[in-house]
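First, one chain by itself in structure tokens, the form predicted on its own.
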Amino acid sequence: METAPRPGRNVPPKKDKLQAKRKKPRRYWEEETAPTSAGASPGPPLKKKRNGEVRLQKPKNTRSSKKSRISKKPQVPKKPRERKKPEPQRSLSGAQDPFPGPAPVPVEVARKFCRIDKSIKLPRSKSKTRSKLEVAEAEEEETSVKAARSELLLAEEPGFLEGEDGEDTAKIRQADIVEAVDIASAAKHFDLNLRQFGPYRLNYSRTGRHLALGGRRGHVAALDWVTKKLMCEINVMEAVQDIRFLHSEVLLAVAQNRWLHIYDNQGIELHCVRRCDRVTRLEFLPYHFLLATASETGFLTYLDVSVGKIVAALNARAGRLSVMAQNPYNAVIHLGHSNGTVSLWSPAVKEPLAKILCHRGGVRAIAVDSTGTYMATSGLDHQLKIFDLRGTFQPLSARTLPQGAGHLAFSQRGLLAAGMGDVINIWAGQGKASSPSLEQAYLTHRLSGHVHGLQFCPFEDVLGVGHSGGITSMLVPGAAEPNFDALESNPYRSQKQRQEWEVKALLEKVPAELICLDPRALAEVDVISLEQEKKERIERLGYDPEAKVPFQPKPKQKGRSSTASLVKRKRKVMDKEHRDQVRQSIQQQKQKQEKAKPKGSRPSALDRFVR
């Protein structure tokens, strides 16, 4: 009978397979050493006591929980880290950049985009308010620098018409310009012969892609004038006084003989606003979603098209209103009257913001440039004047015209067009934001009928003219901005992009109450009102609460610095100061009364009741 051999000195004991594969975890006090001999278990060294007991030796690097965590060594202040200088960038070839960092921006270019006037000193205010203003200034300066850098990326440059030595550009005809330009630009010059329903008023959309026209005999049409694709064409069977696109080319406002009507781009009537009756002129404020109407009854009405409510109805008290224009800079409406004055209106004020005496006779036409700096007016005295709107309202230049201008229009780059009978004259200045020179005409063109409407097309060197014979599209080099902001008005946007833009524009709608002459004043501090309120508060309380630094209690130990106790201590000190101020004011009043008494008067028993 076979028996299993007993483990002896020469026979090694058998190990379990799983136990052999599994490694024992190494403790944090153990150090990595060479593997020990078989049978010896890794771990801390054993220490024998005198009585023969075996125990684990305590590792030297462990800390006792009873010891304090505060180090007894003297703390040496750390030296501030020295910032390493950025190494110059190297290209892929290993060459060093000779001009490291961003390219410098010219100060004049950055100043063109800056909107903060640093010459005005900040008023005395709290440190928190001042820090916020400084942060806003820094952000504005950084934004202006970025805008100046991005100007290099603008692909197009504004053109201009220059004649040869001694050649007058006013003698250059439209046919000569069409022959000289490319095919795409030549296609933008056209004539629509519509004598049956004229005279016509016209309006371009904000993107400059669509054109709306309305004839006096009821003809209303909207088209994509670049591709000549007709969107809608109807006859309202009523006289049309004026026509305007609303915030997009989808909605159309038509001032008919009796009421104001709203149509879509398919010619379907959506609304009939009967509260706006006998309308003669229309203007749309895009950032406020307000449709301003001038009527024969002398009322200026503001209609909020986003909610369909009338914001204000102002009586101008000047008779029939047939001359109206808007200032694109501050959304103020300019009205021309028969007594030769021009009044400036805002829906937040029932009276005109300003009145300017412009002509000896009635005002025939008004136009304001895109920067809101200059206003051009023409009157029955055959005078064409340009006024400065920067607070002075003084005429800068004037010119006498043989017939007098019945219609005026400014382009995006400051060109001024005037319609005089069947002749169009255009004057140019030194550039954008400069007054046009009225000495010599830039272009001249004769039409087949009398002018009834003028407007420059946005972002296109095109002037649209509505006359008794139809519509004429003229080429005017250098009239429009060559580059457009795709987030603001994109001529090539899709339907989805237009819908997203409408939602964003509605969220950013400016309230009608903020329309004023100087929109920059909305972001400034009214120092006069603040001083007046402070003075009234001092008179009401009897002392100046801001004269002394407010009391700040010191923190105490053992739970005596809770929020409630701090508030109680503050209140106690404030009450004490208030009582002292009241006592002082009472004493001053008594002294004044004693001085006011006559010296020779005898004391009376009733003096005890006098306070």
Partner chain sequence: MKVKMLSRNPDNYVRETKLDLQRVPRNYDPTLHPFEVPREYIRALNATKLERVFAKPFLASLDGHRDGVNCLAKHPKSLATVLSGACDGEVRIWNLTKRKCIRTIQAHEGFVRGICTRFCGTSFFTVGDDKTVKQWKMDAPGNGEEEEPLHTILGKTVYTGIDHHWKDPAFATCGQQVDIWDEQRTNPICSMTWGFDSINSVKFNPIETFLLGSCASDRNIVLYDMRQATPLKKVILDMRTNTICWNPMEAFIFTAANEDYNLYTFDMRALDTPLMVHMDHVSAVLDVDYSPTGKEFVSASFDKSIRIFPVDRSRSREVYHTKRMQHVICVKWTSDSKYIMCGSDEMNIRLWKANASEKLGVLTSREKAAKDYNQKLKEKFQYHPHIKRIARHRHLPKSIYSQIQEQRIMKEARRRKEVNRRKHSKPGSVPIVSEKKKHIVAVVK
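In this text, rigid core is short for the largest set of C-alphas that superpose within 1.5 Å between two forms. Residue numbers count along the first chain shown, from 1. Being a predicted model, the structure only gives us computed values, none of them experimental.
Beyond the structure shown, there is the form predicted in complex with its partner chain, which is absent from this document and is the topic of what follows.
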Using the partner position in the predicted bound form, report whether P482 sits within 4.5 Å of its partner chain, counting heavy atoms only. yes
Proximity of Y492 to its partner chain in the predicted bound form, heavy atoms at 4.5 Å: yes
Can you work out whether Y329 and its partner chain are in contact in the predicted bound form, taking contact to mean some heavy atom pair no more than 4.5 Å apart? yes
Is there any non-hydrogen atom of F393 lying within 4.5 Å of its partner chain in the predicted bound form? no
Contact residue in the predicted bound form, from R216, R317, R275, K432 (heavy atom within 4.5 Å of its partner chain): K432
Just to be sure I understand the contacts: of H382, H288, H452, H261, which is the one whose heavy atoms reach within 4.5 angstroms of its partner chain in the predicted bound form? H288
TL;DR on 400-408, 345-353, 305-313, 472-480: the one with heavy atoms within 4.5 Å of its partner chain in the predicted bound form is 472-480
Which residues, if any, of 174-209 lie within 4.5 Å of its partner chain in the predicted bound form when only heavy atoms count? D176, I177, A180, V181, D182, A184, S185, K188
Verify the C-alpha shift of S529 between the shown form and the other one: is it 2 Å or more after superposing the core? yes
With the core lined up, does the C-alpha of H271 move 2 Å or more between the shown form and the other one? no
Rigid core fitted, is the C-alpha displacement of L506 between the shown form and the other one 2 Å or more? no
